[in-house]
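Shown below, as structure tokens, is a lone chain in the form predicted on its own; questions about how it binds or moves come after it.
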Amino acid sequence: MNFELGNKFEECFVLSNEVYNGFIVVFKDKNPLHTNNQFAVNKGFKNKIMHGNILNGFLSYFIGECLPTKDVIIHSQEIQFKNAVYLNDELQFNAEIIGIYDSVNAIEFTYSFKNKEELIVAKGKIQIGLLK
């Protein structure tokens, strides 16, 4: 498997009802910021906002399903939430390899999620290990 510095990856993710409801069912996070439109509006948002950690699930999908090998494991990840995400938002995910560390079989990516308005909603770094 050949990874090279500068390799880029793209995916599109939708914050569908299925994803939103599934997160609530599994993790039981019913904070009103995520479940009550009026509460969220009163806090300055245009509607209830999606749980930020749903994006971590999209990161897991990217690493586990979108790379050209399944011989991977996440070592570490960092995420910075920049803007709110709303139900049915379509997010463009972009990642780029910024480091390859052969001595420890690791690869580092930077990534971002952008909404349809091209606004970055989250960004960060993720390091994976290549399994032997």
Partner chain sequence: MDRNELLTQIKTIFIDILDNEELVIGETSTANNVDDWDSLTHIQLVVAIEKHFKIRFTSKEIQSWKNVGEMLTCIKNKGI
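Positions refer to the first chain, counted from 1. Being a predicted model, the structure only gives us computed values, none of them experimental.
The discussion below concerns the form predicted together with its partner chain, not included here.
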Does its partner chain get within 4.5 angstroms of any non-hydrogen atom of Val41 in the model of the complex? no
Mark Gln127 yes when one of its heavy atoms lies within 4.5 Å of a heavy atom of its partner chain in the model of the complex, and no otherwise. yes
Wondering, does Ser76 line up within 4.5 Å of its partner chain in the model of the complex on heavy atoms? yes
Determine whether any heavy atom of Glu108 comes within 4.5 Å of a heavy atom of its partner chain in the model of the complex, and answer yes or no. yes
Going through 87-115 from first to last, which residues have a non-hydrogen atom within 4.5 Å of its partner chain in the model of the complex? Ile100, Tyr101, Ser103, Val104, Ala106, Glu108
